[in-house]
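Taken one at a time, structure 1 and structure 2 that follow are two forms of one protein chain, written as structure tokens.
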Structure 1
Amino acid sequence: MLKYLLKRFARSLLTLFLILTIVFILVRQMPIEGYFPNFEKMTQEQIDNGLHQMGLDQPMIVQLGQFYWNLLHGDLGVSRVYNRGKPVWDILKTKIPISVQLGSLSILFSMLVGLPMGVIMAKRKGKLADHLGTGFIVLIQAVPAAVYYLFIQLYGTELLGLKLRFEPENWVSWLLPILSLSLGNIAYYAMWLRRYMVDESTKDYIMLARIKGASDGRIMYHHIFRNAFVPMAQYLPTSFLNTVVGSIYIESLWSIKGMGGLLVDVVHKQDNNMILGIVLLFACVGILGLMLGDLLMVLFDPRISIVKKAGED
């Protein structure tokens, strides 16, 4: 197990290095006009001096090396545009808790609704509950998320008597953003759990359990659901990243002062250090989610080994 984790950690570092390097090179290709609010009124000397202060007059390889050297020392740099002169980490640490709370509550709500929904659809296959659930899944997957996000905001705020802007101190104002973020995961959990449970219900060990006289409830929850949940477990940690990424639009729509809205703002303002800091956090969450997914599969099903090679006894 330790050997496997070390290998995965090494691969994760390589993946993180590639992601950051690619993003670093891309953001350095942005027009220099974006770094200077009054670019048209500046002289060439002022522009050159500004680029020198930001280190943008150095060769790309030198800039990249300096970035990783600072990163190894825990220095993400300072914001050049968004909040000039303030350390990137000091800005991020005020935004992270909001996005984490929003994402965590969304995932919890998705599981509380999506998993029972998938079970009911599997139990009522071909009946009204299954058809209604399938209709909901098709609707969520077919309609662009931005459409039902706007629909929820416009009509939900009117129904609950809320303002269009998010108010963190008012718990009611959390409901609609959480609902909006949850819909995609609810549909995903329900669709795949139903599919896995229907597939498990046709296997020989289920027929044998019925012949032995096991009750339908025991077969459904102790055999079908338990085995069908194993492949679902791998997706649960990574779904947190998908939720955080989805919050980019949600946070902008509701003016939530979290990581999602911040990313849109700093990209627009071409604040390179801020962009790289946010990308670093998102990448770490995604990589950690993939590792936790593998470990959860082993936890829920001891028959699975992440250490043994294929064909090994």
Structure 2
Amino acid sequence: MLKYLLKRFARSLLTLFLILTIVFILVRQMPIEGYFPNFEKMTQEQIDNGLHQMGLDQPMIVQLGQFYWNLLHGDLGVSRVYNRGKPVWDILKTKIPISVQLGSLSILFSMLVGLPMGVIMAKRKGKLADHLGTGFIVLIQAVPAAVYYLFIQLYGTELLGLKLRFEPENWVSWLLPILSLSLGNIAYYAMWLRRYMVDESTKDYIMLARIKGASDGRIMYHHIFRNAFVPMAQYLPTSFLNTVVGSIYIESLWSIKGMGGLLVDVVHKQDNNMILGIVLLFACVGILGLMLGDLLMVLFDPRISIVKKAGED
């Protein structure tokens, strides 16, 4: 297992290298107009000078080399457009905590609500509880997030007497963004858990367990839930990371100073150093999530092996 992990880690470094290189090359395919808000009125000398200052006039391989050299020294460069002159890491480190807090709370809330909901729905398949749950899931799936987020914000704040902007020091102000952020996940967890549990419940081993005389509760939690949770488990880390990374809608609507929408923003603004910094961050957590997911799957289901078995081709 340790050997596997080490190998996996080495490969992650390779992946990271590939991702950064690809993104590095991609962003340099963007037209140069995007680098200069005043492009219309600039002389050719000014444009050339600007490109020179950014090092964009050098061969790609030199730029790439420079980038990795700086990266190895822990230097992500400074932002050019988003917050001109400020080091990328300084910008990111103020934004990460707030998104992590919000995301963690939301995931916790989603799991606390979504998983029991899925279990109850599976247990009461075809009964009222199942229909109610399905109704909720359907509603969340049906109405576009862009619409119901705004709806929750506009009417929720009116109802609770809150301001339209998020106020971190007021705990009531946390409720609505967390609720908005969680609804999608709750529906997702409940829906898939129900699906997997229903699938699982028709399997032979369940029948065997039942014939053996195991109690319904035992069958439910020790057999069905555990097996149904396997495919869910792999998704959890990614879903956690996605949520933590923030939602562009929520953070835009509530003026939350997190990571949500940051990437979209800097890509639009062609702030290359910021793009690479964020991609590096996301890629690291993304890869970590994938590894974690695979590990969780192995933990929950001993039949799954990712390690190559001896004797197999």
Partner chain sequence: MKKLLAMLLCFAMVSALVPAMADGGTYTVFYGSEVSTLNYLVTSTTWDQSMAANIVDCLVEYNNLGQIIPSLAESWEVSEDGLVWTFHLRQGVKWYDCFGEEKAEVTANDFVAAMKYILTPEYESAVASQVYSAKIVNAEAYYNGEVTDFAEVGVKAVDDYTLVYTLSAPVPYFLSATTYVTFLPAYGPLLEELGADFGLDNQSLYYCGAYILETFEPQSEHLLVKNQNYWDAEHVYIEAIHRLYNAESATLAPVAALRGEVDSADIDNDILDDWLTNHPELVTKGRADLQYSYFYCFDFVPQYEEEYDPANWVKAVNNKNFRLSIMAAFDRVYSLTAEDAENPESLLANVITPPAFASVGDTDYVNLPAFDAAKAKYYSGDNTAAIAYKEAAIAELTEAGATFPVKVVLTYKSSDANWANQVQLVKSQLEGVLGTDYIDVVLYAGPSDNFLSSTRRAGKYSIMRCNWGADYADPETWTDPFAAGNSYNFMDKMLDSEYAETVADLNTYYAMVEAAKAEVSDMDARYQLFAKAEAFLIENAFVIPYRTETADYMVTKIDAFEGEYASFGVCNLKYKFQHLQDDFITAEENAASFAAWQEALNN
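Numbers given to residues start at 1 and step along the sequence of structure 1. Since the structure is predicted, the reported quantities are computational estimates derived from the model, not experimental observations. We call the rigid core whatever largest set of C-alpha positions still superposes within 1.5 Å between the two forms.
Assignment of forms: the chain in structure 2 is the form predicted together with its partner chain, the chain in structure 1 is not. K125: CA moves less than 2 Å between structures 1 and 2 after rigid-core fitting. Core-superposed comparison between structures 1 and 2: the C-alpha position of L253 differs by less than 2 Å. Positional change of L71 between structures 1 and 2 reaches 2 Å or more at the C-alpha, relative to the superposed core. For G55, the CA shift between structures 1 and 2 after superposing the rigid core equals 3.2 Å. Core superposition places the C-alpha of L14 5.0 Å apart between structures 1 and 2.
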